[in-house]
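Here you get one chain, nothing else, as structure tokens; it is the form predicted on its own.
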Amino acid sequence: MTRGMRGVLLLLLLIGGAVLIGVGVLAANNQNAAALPEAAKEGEMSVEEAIAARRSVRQFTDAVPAERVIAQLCWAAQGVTDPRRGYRAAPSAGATYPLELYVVTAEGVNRYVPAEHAFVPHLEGDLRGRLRAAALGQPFVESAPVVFVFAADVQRTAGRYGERAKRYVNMEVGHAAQNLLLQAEALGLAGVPVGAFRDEQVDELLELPERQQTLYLVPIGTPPAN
């Protein structure tokens, strides 16, 4: 075996080892994952109707969306729509997928795992009151039965796109949030995108990993009857 061939073989072994380690870490992180109800691919409202009807709503009833509804909302925001290639519902620059989706309810915080369409428990307890305080006291952040929190690890995208990564990530979270809001409308729910919050306070409250930062809060619930 030539020196060049040995070098190639060593490189392949290193890459393979890194992949296996990565898979092992992923499996460990997701070992408590709980599968969610399968997402529906058809609905009663057209895209055009959802776009026409969507409005920001800041008042909600006490009704808590069923698990299948929350699962559908997660799928619309970040779910896998092409299992063979792993592509998601919202476009991502270079398919680098920097976004992480956290779901905050009265019971606690779950992290959505797109590849498995599952929840991994993240934190226990109702943090919506403290999340409201971090969001400059906006009351609907606490009164909404569900708050979807989009965070991002910009480095996933920066590895390929350098300085433009932040711009691409900001575009991506906009795509994902709009998907979420339109799906909510189609399900008879409503929400409001929230960008006014103290970044570090929310990051600390949700105990985000070091490289992740909060980009968007989207409270979702049932609008009051007219």
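Sequential numbering from 1, following the sequence displayed. Quick caveat: nothing in here was measured; it's all calculated off a predicted structure.
Form predicted in complex with a small molecule: not shown, discussed below.
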In the model of the complex, the one of Phe140, Phe119, Tyr97, Tyr102 near the small molecule [non-hydrogen atom within 4.5 angstroms]: Phe140
One residue of Leu36, Val192, Leu182, Val69 in contact with the small molecule, assessed in the model of the complex (non-hydrogen atom, 4.5 angstroms): Val192
Interface membership of Ala63, the small molecule in the model of the complex, 4.5 Å heavy atom rule: no
Contact flag, Ser46 vs the small molecule in the model of the complex, heavy atom cut 4.5 Å: no
Close approach of Arg55 to the small molecule in the model of the complex, 4.5 Å, heavy atom: yes
Partner-proximal stretch of 182 to 190, 55 to 63, 155 to 163, 37 to 45 relative to the small molecule in the model of the complex, 4.5 angstroms, heavy atom: 55 to 63
